[in-house]
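Just one chain is shown here, as structure tokens, and it is the form predicted alone.
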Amino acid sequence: MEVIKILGTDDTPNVIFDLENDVFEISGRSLPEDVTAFYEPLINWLDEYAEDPKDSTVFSFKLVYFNTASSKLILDILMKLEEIHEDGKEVLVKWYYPDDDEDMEEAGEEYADIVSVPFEQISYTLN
């Protein structure tokens, strides 16, 4: 599978989907003008990955902000990870949030309640 590397901007997150190096990460800010156009290739990549996933997948979200439109697509990604988990593979979602950002912490908790995938909440200090 091809590696997806998207350098983040003020409106779009940094994305790395690198199967060979076990890096699955979305970070930064997510408020793309056309959220579907931005996330569709990522969802398609995960669809393909789900057909033959590794035994263990660790997916990291390190978002500092996302808009309402992005939240639905983030849920779509989590639901795809849930499918992989339900097929008997190990999946861990690492939800990083700035230690002073209760909204982002709560967003991770809400997603953890919606999907049945192991979630790890990790706070960090912004420099």
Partner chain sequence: MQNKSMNGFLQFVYDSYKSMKAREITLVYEGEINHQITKAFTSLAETNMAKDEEANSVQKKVFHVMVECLQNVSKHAEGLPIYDFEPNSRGIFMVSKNETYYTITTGNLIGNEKIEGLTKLLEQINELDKDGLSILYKTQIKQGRLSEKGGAGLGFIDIAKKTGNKIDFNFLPIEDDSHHFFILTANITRNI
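Numbering follows the first chain given and starts at 1. Bear in mind that the values here come from a model prediction, so they are computed numbers and not experimental data.
FYI, the form predicted together with its partner chain isn't displayed, but the following is about it.
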Checklist entry - With the partner left out here, if you bring back its partner chain in the predicted bound form, are 20, 40 and 90 all within 4.5 Å of it by some heavy atom? => result no
Checklist entry - Does residue 119 reach its partner chain in the predicted bound form, with heavy atoms at most 4.5 Å apart? => result no
Checklist entry - Any of the heavy atoms of residue 105 lying within 4.5 Å of its partner chain in the predicted bound form? => result no
Checklist entry - residue 33: heavy atom within 4.5 Å of its partner chain in the predicted bound form? => result yes
Checklist entry - Does any heavy atom of residue 73 come within 4.5 Å of a heavy atom of its partner chain in the predicted bound form? => result yes
Checklist entry - Which residues in 48-87 have a heavy atom within 4.5 Å of its partner chain in the predicted bound form? => result 64, 65, 66, 67, 68, 69, 71, 72, 73, 75
